[in-house]
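A single chain, nothing else alongside it, follows as structure tokens in the form predicted on its own.
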């Protein structure tokens, strides 16, 4: 396809979905779970999210019954992944979990590490196939950084593993703390980017307690993804994480408008309080520009192309990676953002967002 003939997503040579979800169930992971947890989690209860009700804290408010998937769509096999790829005209996906988005909230650290290990075993056995464009991220439990580092070391050379996945929702303390250094050291050693993904309900439970006043799914889901990411990013910048580690970080599923605000506000504060971040050698926004990438979904304001284009310009289109969030309830179709980018920022920017940048970040 020549450089100036892509009028639709289907015309692109490379389209990478940088956050396509699987919908793993308890029964999928049990065969891979070490004892004593396999026996403890075995159940005859017909629960589509299995242990989430028993081992993961509950948000406590009503949510749509199909919050986790669109129109009942399940993604528990490579064939079901390819169905989503065909729908969205993608030819590579980076698969991320659904149930294990809540891994950071598990109160049993050893169980959390075991669940991450079991998920990775299942993913490798049933999903990943680079020849078909199916890639995935190694899920690690932040509750046990040393075990997480060992998991990364074990998975780094596995065919199809292209990233480390930190389920960052509900994680305490924040991810700039030195206790997480073993995770970052292992990711740097493996030359893998680190993906950070949270979940709306996690903020009400433990991150931070100040926000437990949310009492509806809508009031929680709209702001908390960006809020949690801002808190972690603030911690990581202040503690010098991107200065100390040569790693690319991918911030997932929080939209785009908060990024120009955050970088400018953080630079503003840093200029007045440089002593609070003594390890930084340049402006915080420069670290964000150099080492942080952001997935697109959910692109707020798609009915206002001028807004979307201006936000992408302000954040830097070279930092944006297309993602769908398929098959979750609010997933983005691949065509919507493409039309805005191509018409407002040009075809080269659209090509980069939809795959060219991802090729570099993930090293496909």
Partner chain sequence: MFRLNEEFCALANHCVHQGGPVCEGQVSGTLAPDGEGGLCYEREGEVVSCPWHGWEFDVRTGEALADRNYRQPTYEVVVEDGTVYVEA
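Numbering follows the first chain given and starts at 1. All values reported here derive from a predicted model rather than from experimental measurement.
Omitted here: the form predicted in complex with the partner chain. The next part is about that form.
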Worksheet item: Each of 25, 35 and 124 near the partner chain in the predicted complex, meaning some heavy atom within 4.5 Å?
Response: no
Worksheet entry | Close approach of residue 245 to the partner chain in the predicted complex, 4.5 Å, heavy atom | no
Practice prompt. Could you confirm whether residue 270 comes within 4.5 Å of the partner chain in the predicted complex, counting heavy atoms only?
Written response: yes
Worksheet item: Contact between residue 79 and the partner chain in the predicted complex at 4.5 Å, heavy atoms?
Response: no
Worksheet item: Can any non-hydrogen atom of residue 278 be found within 4.5 angstroms of the partner chain in the predicted complex?
Response: yes
Worksheet item: Which of 216, 274, 108, 264 has a heavy atom within 4.5 Å of the partner chain in the predicted complex?
Response: 274
Practice prompt. Only one of 231, 283, 190, 150 comes within 4.5 Å of the partner chain in the predicted complex by heavy atoms, so just point that one out.
Written response: 283
Worksheet item: Is any part of 168-185 within 4.5 angstroms of the partner chain in the predicted complex by a non-hydrogen atom, and which residues would that be?
Response: 178
